[in-house]
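The chain below stands alone, shown as structure tokens; this is the form predicted on its own.
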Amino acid sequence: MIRRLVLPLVLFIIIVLEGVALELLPLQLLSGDYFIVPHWLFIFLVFVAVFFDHNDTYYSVLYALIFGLLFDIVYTGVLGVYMFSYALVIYIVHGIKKMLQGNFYVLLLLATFGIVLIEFTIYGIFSVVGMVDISIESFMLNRLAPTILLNLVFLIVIYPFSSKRLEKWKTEIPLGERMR
């Protein structure tokens, strides 16, 4: 029972830390024209998709829906944007992962691909509803590139603590209790 609560608790802690992430960064990184968006929750969901989910389980997609909605409620004024984009991109990542082995390089590749998809999805949705008014060139240079870089640093930092633990938890779930 306790094992079932650990992963959602870790995701909840990450979503809280993501809210204060920019205050933890040096001011030199935040000044200027660059805009950095931490997607730590999404990065950890990629970890879950790669190292925790079996090919026939979708815990990462379920957690993306739940915690994406929570992210929308707490941090944005538009419900459903992060819930939809996180769940869709994690589902795509989960599908691609089925064809690849779960290792650091695959994780790095899938996280980079996922962040690019997330950022373009969010940019597209917010552009349609009129909440974003920057050019695509400015978006790619001033937001997308620094965001990818910051989130990959986060991935590298948490990799030693997360990958083996998630693989261990994956083996501890009995076959009959798997959510499909």
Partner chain sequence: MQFLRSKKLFIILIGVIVLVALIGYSLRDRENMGFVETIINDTVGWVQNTIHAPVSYVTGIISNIDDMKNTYEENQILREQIAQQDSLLYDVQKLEEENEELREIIGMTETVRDYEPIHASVISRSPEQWMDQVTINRGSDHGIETNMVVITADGMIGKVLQISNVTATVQLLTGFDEFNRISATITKEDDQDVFGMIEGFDKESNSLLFRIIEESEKNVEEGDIVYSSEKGGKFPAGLKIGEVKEIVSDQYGLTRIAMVEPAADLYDINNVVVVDRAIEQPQEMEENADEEDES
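The structure presented is a predicted model; accordingly, all values stated were derived computationally and were not measured. Positions refer to the first chain, counted from 1.
Heads up, the form predicted in complex with its partner chain isn't pictured, but that's what we're talking about next.
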- Are all three residues 62, 116 and 136 in contact with its partner chain in the predicted bound form, where contact means a non-hydrogen atom within 4.5 Å? no
- Query: Even though its partner chain is not shown here, does residue 148 get within 4.5 Å of it in the predicted bound form, heavy atoms only?
  - Reply: no
- Message: Against its partner chain in the predicted bound form, would residue 16 count as a contact residue? Criterion: heavy atoms within 4.5 Å.
- Response: yes
- Item | in the predicted bound form, residue 105 touching its partner chain (heavy atom, 4.5 Å) | no
- Task: Report whether the minimum heavy atom distance between residue 56 and its partner chain in the predicted bound form is within 4.5 Å.
- Result: no
- Mind telling me which stretch in 107-115, 46-54, 151-159, 137-145 gets its heavy atoms within 4.5 Å of its partner chain in the predicted bound form? 137-145
- Item | Residues of stretch 67-106 in contact with its partner chain in the predicted bound form (4.5 Å, non-hydrogen atom) | 70, 71, 73, 74, 75, 76, 77, 78, 79, 80, 81, 82, 83, 84, 88, 91
